[in-house]
Structures are given as structure tokens and as C-alpha cells.
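Shown here is one chain on its own, the form predicted on its own, set out as C-alpha cells.
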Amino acid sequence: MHKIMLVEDDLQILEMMEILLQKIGYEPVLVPNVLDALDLVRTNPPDLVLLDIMMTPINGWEFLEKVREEYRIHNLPILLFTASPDVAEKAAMLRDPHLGILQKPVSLPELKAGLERFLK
């Protein structure tokens, strides 16, 4: 069973996504604090990170930069989980083959397809 780390500071979204991930056969690891998520990526990396962009004290872009540049973890799939429409353009500029986007709100088929793209 693939382990999916969900980094999301909105507890309602975190709980809803836990149910959806379990329903489609994944093991969710719920992390409401982005700094805790950075520690877990280094010590116990998941199969994929589902990452909210708008967080504090660092945002999703900063998380991504730390994982890729500072920790040198380049092949960990990361799906940016956002309601912001301008994320796709910025993500495309990074040319990261292990980076994808899921728009909030996400349907069950969209979630499943997004995860399967990286976890075949």
C-alpha cells in the first residue's frame, strides 16, 4: 500500500482527504504542520507528498525548494494541492518531472488519476 503524506493546515480538508485516500486504497499520513512534514520527508519519506501551497511559517513553494535543493530529494513525487489558478504556470517553469498539480476542490476520480500518474 502506497503511503501518501498530506501536508495541509486546514483540518477539515485534512480529515476529508484522509477518507478519500483510504477509500481509494492508500495509506494517508496526515501532517498539519509544514515543518513537521520536512522532518518526516528526511526521516521517513512517503511514496508521494500531497502539498498545500498556502501555509505558514513556510509555504509550499519553500517546502518544495528545501526538499529538492537542500535535501537533494529529486525523485519524490509531489502534487501541489491548491485552489490558486496561477500555480500551474509557476510549476511548469520548474520543469520538474516529479511535480504535479491537483486543484481544490478535488473529486475522487481526479485524486485517483493524479496519484496513479506518479504511483504506477
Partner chain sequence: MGERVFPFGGHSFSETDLVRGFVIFSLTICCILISALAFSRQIPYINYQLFFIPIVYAAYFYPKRGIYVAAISGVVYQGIGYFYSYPNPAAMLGVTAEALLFVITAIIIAYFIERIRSGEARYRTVFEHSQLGIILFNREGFAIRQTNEKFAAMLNYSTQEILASTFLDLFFIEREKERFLERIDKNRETADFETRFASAGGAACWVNLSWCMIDEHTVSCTAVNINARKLAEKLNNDNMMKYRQLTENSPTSILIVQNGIILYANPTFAEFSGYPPAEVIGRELVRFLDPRDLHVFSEFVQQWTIKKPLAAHAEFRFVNKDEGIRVAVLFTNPIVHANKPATMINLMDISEKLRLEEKIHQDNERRRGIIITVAHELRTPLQPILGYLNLLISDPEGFGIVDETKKILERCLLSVDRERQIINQMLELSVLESGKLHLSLSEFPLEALVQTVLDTSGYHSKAEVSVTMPEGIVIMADRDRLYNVVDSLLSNAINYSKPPRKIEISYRMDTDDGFHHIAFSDNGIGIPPESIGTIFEPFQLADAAKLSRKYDRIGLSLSIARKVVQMHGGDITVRSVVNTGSTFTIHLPKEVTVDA
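None of these values were measured; they are calculated from a predicted model. Numbering follows the first chain given and starts at 1.
In what follows, reference is made to the form predicted in complex with the partner chain, a form of this protein that is not presented.
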Fill in: Distance check, Asp86 to the partner chain in the predicted bound form, heavy atom within 4.5 Å
yes
Discussion item. Since only the chain is shown here, I'm wondering whether Lys104 would be in contact with the partner chain in the predicted bound form (any heavy atom pair within 4.5 Å).
Written reply: yes
Practice prompt. Determine whether any heavy atom of Asp96 comes within 4.5 Å of a heavy atom of the partner chain in the predicted bound form, and answer yes or no.
Written response: no
Discussion item. Quick check on Ala92: any heavy atom within 4.5 Å of the partner chain in the predicted bound form?
Written reply: no
Discussion item. Within 4.5 angstroms, counting heavy atoms, which one of the listed stretches 40-48, 60-68, 75-83, 25-33 is next to the partner chain in the predicted bound form?
Written reply: 75-83
